[in-house]
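Quick setup: one chain, the form predicted on its own, written in structure tokens, and binding and motion questions come after.
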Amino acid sequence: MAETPAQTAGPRKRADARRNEEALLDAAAAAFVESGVDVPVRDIAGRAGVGVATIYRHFPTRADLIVAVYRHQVLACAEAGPRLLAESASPHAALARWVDLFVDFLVTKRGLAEALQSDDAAFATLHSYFVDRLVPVCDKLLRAAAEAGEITSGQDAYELMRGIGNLCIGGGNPRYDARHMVGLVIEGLRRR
């Protein structure tokens, strides 16, 4: 008798274990935004409503937790693109909403840049994970907007995302509004 794909795929996490992990990742992300990636693990555990041991059972090191949060947020941003394209009034509106999510992702990475510069091998693949997941989503949104005649065709997704990232660097200055600057760029893509 042949095994089903579910039987050969290995053990699947129980639904409650997946929910606990999601709550943990969301709590860690919120704590990272407020206090940086060096926030005490007990603070993250308190936010998630779990014990510290639960965090270490899922993520044995701080680097493992940081990587998991980063990947979780990249995946959420990637999954939002097709959904926004289906729900929005126009492809340009979908692009603008997705870019807004992307800006949220970028400006909430307090302390992550320093962690990524460390020698920890856990961080080595994060940049390529980010590029591999998000650039195709941005490209699809750009192409849809161009096909609808809303923007000039031939826009490069990586170049746009890199530019948005550079605009978000100054986000810590109270006199600088990264979201406003990015909005000007997205509006500037419109075909006149």
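If you're wondering where the values come from, they're calculated on a predicted model, not measured in any experiment. Sequential numbering from 1, following the sequence displayed.
Another form exists, predicted in complex with the DNA; not displayed. Remarks below refer to it.
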property: 4.5 Å heavy atom contact with the DNA in the model of the complex for all of 99, 107 and 137; result: no
property: Contact flag, residue 54 vs the DNA in the model of the complex, heavy atom cut 4.5 Å; result: yes
property: Proximity of residue 149 to the DNA in the model of the complex, heavy atoms at 4.5 Å; result: no
property: is_contact(residue 42, the DNA) in the model of the complex, heavy atom dist at most 4.5 Å; result: yes
property: Contact flag, residue 58 vs the DNA in the model of the complex, heavy atom cut 4.5 Å; result: yes
property: Region of this chain that lies against the DNA in the model of the complex, out of 129-137, 26-34, 43-51, 154-162 [heavy atom, 4.5 Å]; result: 43-51
property: Closer or farther in the model of the complex: C-alpha pair residue 22, residue 140 (3 angstroms or more); result: farther
property: Change in CA distance between residue 22 and residue 83 in the model of the complex, which is 3 Å or more, as closer or farther; result: farther
